[in-house]
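What follows is one chain in structure tokens, specifically the form predicted on its own.
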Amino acid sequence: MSDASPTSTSPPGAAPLLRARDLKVHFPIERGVLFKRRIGSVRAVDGISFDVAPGETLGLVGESGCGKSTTARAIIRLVQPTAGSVEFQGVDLATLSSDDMREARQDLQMIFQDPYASLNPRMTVLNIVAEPLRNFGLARGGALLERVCELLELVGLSATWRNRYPHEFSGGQRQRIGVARALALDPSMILCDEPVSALDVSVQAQVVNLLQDLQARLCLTYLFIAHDLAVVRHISDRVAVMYLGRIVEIAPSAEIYAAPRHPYTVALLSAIPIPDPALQRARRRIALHGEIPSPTKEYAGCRFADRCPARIARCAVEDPPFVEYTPGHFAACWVTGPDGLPEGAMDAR
């Protein structure tokens, strides 16, 4: 067991493709109409660090409002980071000019959460998928049409549908169009911002399987954001658990599901349904009591302390460091030890 940051988690010998260090995104709270003054900040992302290695999928999970989507938007600079650095292929994206950042986005694309809002309803599928190619001057004329048809077929859509509009497609088909658009520039990494949360369960599996197939065929790297731990388990190599702007645990996927070390992770896992009625009835679900704390508040100790069944006095006054308990498995908790959480620690108080 060693004190460490959760940043050196790439496979041995592989330089990280994406490296975030102490990333913060604070949104100002202002008062006044003519003379505005800042009275506080919403700490949407408050000092997180992680690596993503080439070819891997890092799952980022947590409940709504914890800062997952803001993290993705800060990486690609749809929102401006307040502090910290995001290195992609060795270049700090936070320091790039608008023109340089535009060029960097050729290799770093994003799939958005809502397939109904992320596609322009006035554009045909042909124009939606072709737009990145036109913007970067990569194809035109017959070559452009050929590339769009190729991309549509790649994501499981018929090229004959290219002149249809988004409203003529189902939710799953719309998300496939979004995937085709993200692939148009041949990126090496894609930020998947809850790409299946707005879809039916049966369609979710189809889209996740599609993303896995594309990753194998095109050597893609994913940051996969979701609040559904069952989906993340299926696709991710490693999982980072986020709570109120902070990463509280990060570990290889199989290990974090088999032996979670943070009380919040334990509570999240207890909420995953088991498709066996007998096992589902026998298991104990851990209910978290109390309201989610405000992201505008400054915390001296652990942000999860007010809702944590395992808390001790130290949790409220001292912020726990990230500790590496087993190779690649980090957690920030004063209660957990070398063998995990003590027996009975998660019993309701």
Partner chain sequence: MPDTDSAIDAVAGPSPVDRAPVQGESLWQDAWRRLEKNRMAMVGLVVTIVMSLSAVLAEVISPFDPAVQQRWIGALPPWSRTLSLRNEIRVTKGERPLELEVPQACADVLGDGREHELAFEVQEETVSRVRVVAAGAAIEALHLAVPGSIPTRPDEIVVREGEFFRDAATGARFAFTELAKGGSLPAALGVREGRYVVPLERVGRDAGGAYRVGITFAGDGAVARIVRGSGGAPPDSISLMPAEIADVTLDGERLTHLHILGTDQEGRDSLSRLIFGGRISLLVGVTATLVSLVIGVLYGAIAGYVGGRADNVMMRIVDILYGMPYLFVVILMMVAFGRSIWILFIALGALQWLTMARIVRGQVLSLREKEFVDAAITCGTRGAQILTRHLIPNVLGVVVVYMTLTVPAVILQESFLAFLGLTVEWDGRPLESWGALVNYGREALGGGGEFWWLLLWPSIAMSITLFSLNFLGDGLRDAFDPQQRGRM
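Positions refer to the first chain, counted from 1. Fair warning: this is a prediction, and the values are worked out from it, not measured in the lab.
Note that the form predicted together with the partner chain isn't included here; everything after this is about it.
- [ ] Please run the contact check for residue 132 against the partner chain in the predicted bound form: heavy atoms, 4.5 angstroms, yes or no?
- [x] Contact with the partner chain, yes.
TODO: Spell out, yes or no, whether the shortest heavy atom distance between residue 121 and the partner chain in the predicted bound form is within 4.5 Å.
DONE: Result yes; residue 121 sits at the interface with the partner chain in the predicted bound form.
Open item on the list: Taking any heavy atom pair closer than or equal to 4.5 Å as contact, tell me whether residue 162 reaches the partner chain in the predicted bound form.
Closed with: Flag for residue 162 set to yes.
Task: 4.5 angstroms heavy atom contact with the partner chain in the predicted bound form for residue 31 - done: So residue 31 does not count as contacting the partner chain.
Open item on the list: To test your reading of this chain, name the stretch in 148-156, 199-207, 250-258, 228-236 whose heavy atoms come within 4.5 Å of the partner chain in the predicted bound form.
Closed with: Partner-contacting stretch among the options: 148-156.
Open item on the list: Please tell me which of 94, 268, 139, 76 lies within 4.5 Å of the partner chain in the predicted bound form, judged by heavy atoms.
Closed with: For this set of options, the contacting one is 76.
Open item on the list: Within 4.5 Å of the partner chain in the predicted bound form - does that hold for a heavy atom of every one of 117, 181 and 216?
Closed with: Yes: 117, 181 and 216 each sit within 4.5 Å of the partner chain in the predicted bound form.
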